[in-house]
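A lone chain, given as structure tokens: the form predicted alone.
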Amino acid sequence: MSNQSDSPKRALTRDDVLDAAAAMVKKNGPRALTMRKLAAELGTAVTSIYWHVGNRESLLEALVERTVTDLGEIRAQGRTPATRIVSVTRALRAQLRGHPHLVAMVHERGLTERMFQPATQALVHEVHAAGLRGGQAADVVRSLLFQVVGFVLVERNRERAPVQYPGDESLWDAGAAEHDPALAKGLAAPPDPERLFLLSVRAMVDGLLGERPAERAH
């Protein structure tokens, strides 16, 4: 009786190649992706990789197209316009944070606006639901997109930056904080990006929509 090892090996597919390539890029960045390393990861010949996806540039293009597609639709959550808009910005931030190298590849190939289209469309819908129209609505949508992208860039830069000397804990004392010990303590502590993101976006949304904080669902 034949055992499991005697069963035929499943044929490699294009999706298998793209899955493995995306995993390599996500872990080590696009420069680490070579056809030889990819073939080794998949346990196949380099010629098989070329047969499924073409050359390396074609592979990168396929990864970009897949990333744009996979990010896909963003669904707003919440019962008020403000909470639904905030939920869209949180979803977009999570997408950008979850695929930094792939998102960078999308940007380098001039597809950033297309990648942002689902989030932009969701914001347009919610801003309309909040009663805004025309140029005012466009300004709100773009302001929120700029806030999300800028925040993520700051997060990434802080994560990749070398250890700072002196650090915040050394720079901030009661004197530097104009004799506000609580402020000094807060600035000396490590930042909480999630809390700061919500604080900044909620303040923006409340101001842009003209809503009172009490109208926001917690």
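No experiment lies behind these values; they were computed from the predicted model shown. In this text, rigid core is short for the largest set of C-alphas that superpose within 1.5 Å between two forms. Position 1 is the first residue in the sequence shown; the rest follow in order.
The next section is about a form of this same protein that is not shown, the form predicted in complex with the DNA.
For the chain shown alone, residue 33 is a contact residue for the DNA in the predicted complex, at least one non-hydrogen atom being within 4.5 angstroms. In the predicted complex, the DNA sits within 4.5 Å of a heavy atom belonging to residue 45. For residue 50, a non-hydrogen atom is located within 4.5 Å of the DNA in the predicted complex, even though that partner is not displayed. In the predicted complex, residue 12 approaches the DNA with a heavy atom inside 4.5 Å.
Between the options 69, 28, 55, 157, the residue in contact with the DNA in the predicted complex by a heavy atom within 4.5 angstroms is 55. Judged by heavy atoms within 4.5 Å of the DNA in the predicted complex, the contact stretch among the candidates 148-156, 61-69, 34-42, 188-196 is 34-42. A movement of the C-alpha atom of residue 50 reaching 2 angstroms or beyond is seen between the shown form and the other one when the two forms are aligned on their rigid core. A movement of the C-alpha atom of residue 15 reaching 2 angstroms or beyond is seen between the shown form and the other one when the two forms are aligned on their rigid core. The gap between the Cα atoms of residue 16 and residue 91 is larger in the predicted complex, by no less than 3 Å, than in this form.
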